[in-house]
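Before any questions on binding or motion, here is one chain by itself as structure tokens, the form predicted on its own.
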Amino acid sequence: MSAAPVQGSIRRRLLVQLLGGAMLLAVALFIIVQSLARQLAQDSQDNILTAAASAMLDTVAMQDGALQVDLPYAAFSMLSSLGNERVFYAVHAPSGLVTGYQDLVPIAGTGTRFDTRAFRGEDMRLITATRMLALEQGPLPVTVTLAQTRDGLSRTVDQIVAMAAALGTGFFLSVAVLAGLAARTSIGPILRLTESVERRGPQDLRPVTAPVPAEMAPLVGALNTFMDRLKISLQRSEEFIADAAHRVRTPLATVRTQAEITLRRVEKEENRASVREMIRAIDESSRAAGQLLDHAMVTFRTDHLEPETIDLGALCEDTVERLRPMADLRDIDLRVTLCARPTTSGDRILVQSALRNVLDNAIKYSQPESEVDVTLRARSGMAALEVRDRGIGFPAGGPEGLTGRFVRGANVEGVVGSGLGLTIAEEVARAHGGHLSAQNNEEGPGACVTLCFPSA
């Protein structure tokens, strides 16, 4: 049986989609947490810088005509709260630098301004705040500029980013496990349906009634409809084979009988030869039609076996009795020897058809006034049906290839036959777990064909 072409996998496709979505969510989560961490850290540093700048501006005062700045300890304490950061400051008035670092240039603009730039070879966060001092001469703008290194901020952000990466990885791994479980659960009904159908016997064409998900209901409905059509088709095929066997064999038997009567009435030898040739053609047609129908029946029933316990001894005796009239016409003595009475499990009609075809070949190819022996033995867990004749035997090349359809030996020309007897017998044996073997007799003419079936 050829397998259906495979294109992709539902489980793999579902896993790829779920894991792809999980990866995108994990990356998005990492980026969002990283951006939020940097923004929060930046806001925290800016708030501290703002508070420190405001504290420094509170200490600026005019004393003895000069601006004095009392650097507050609290301001620098706040600036060091993020870690071992270095802080630079500069206080400017319209007249110039009041105190601090000369090279720390205020940020241009008005109000409180922030900037990130390099100062003395390091990345710094800067703030510039301006306040108006009320003096007798009028308001005096004073500007405080603070610069703080970002090492502590970077370490804090790196820690948060590492946590975000660990969180994203954990999220992805968790989703991967859940995706695997979801994929297995999703295709579970399909697997259960497959196992349910596979466990059925060849003749079990009942509709599937087990509950299935809504998405599988159309598939199950189509499967049930197909099995209904198949059941009807098989019934019609069986009826056709039985009807054809009756309608073909009966007219041929009638024609042959009439030909036999005509042969007895015809006196001229040339006319008698023509009638004999007609009888021979009828025999060939009857045998070919019968064996073709037998082969069709075997092909049908091997796919739909009806096993039962078969008494092979009784089956041998019954089959021999059915074929004894044919053997008597050629003065052939049919002998049955039951060395054992094993049983087998199988289709009685098929097993009898196999034995009948082998026995029919033995009678057909035997010399008149000879014997055909049917022996039933038990050997190594198998039941062996041996049919031995004293006929022409198999050709010089042996029996190899003679079980093929319509294949006959080169030494049987002139003998009516269709080349299906051994084919039918071998197919039946194989369908029951057995085998067929054939060989010429070691002593004397003739051949031996053995059908082996497992003992029940």
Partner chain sequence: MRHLVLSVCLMLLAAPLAAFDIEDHAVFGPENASRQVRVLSVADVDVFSPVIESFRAAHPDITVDYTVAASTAIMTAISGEQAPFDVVISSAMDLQTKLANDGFTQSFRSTATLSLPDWARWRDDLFAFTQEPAAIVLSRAAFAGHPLPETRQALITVLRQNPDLFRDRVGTYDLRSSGLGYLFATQDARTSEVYWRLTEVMGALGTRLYCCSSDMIDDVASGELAIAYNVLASYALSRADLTKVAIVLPEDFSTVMLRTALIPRNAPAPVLAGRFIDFLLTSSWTDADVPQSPLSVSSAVFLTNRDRFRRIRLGPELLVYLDGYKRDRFLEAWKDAVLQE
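All figures in this text were calculated on a predicted structure; none of them were measured in a lab. Numbering follows the first chain given and starts at 1.
Separately, the form predicted together with the partner chain exists; it is not shown, and the next lines address it.
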Task: Stretch in contact, per heavy atom within 4.5 angstroms of the partner chain in the predicted complex, of 210 to 218, 144 to 152, 130 to 138, 339 to 347 - done: 144 to 152
Task: Contact residue in the predicted complex, from 86, 330, 276, 377 (heavy atom within 4.5 Å of the partner chain) - done: 86
Open item on the list: Quick check on this chain: which one of 180, 72, 189, 307 has a heavy atom within 4.5 Å of the partner chain in the predicted complex?
Closed with: 72
Open item on the list: Would you classify residue 68 as touching the partner chain in the predicted complex, given a 4.5 Å non-hydrogen atom cut-off?
Closed with: yes
TODO: May I ask you to check whether residue 76 falls inside a 4.5 Å heavy atom distance of the partner chain in the predicted complex?
DONE: yes
- [ ] Please run the contact check for residue 98 against the partner chain in the predicted complex: heavy atoms, 4.5 angstroms, yes or no?
- [x] yes
Task: is_contact(residue 35, the partner chain) in the predicted complex, heavy atom dist at most 4.5 Å - done: no
Open item on the list: Within 4.5 Å of the partner chain in the predicted complex, counting any non-hydrogen atom, which residues from 118 to 132 show up?
Closed with: 120, 122
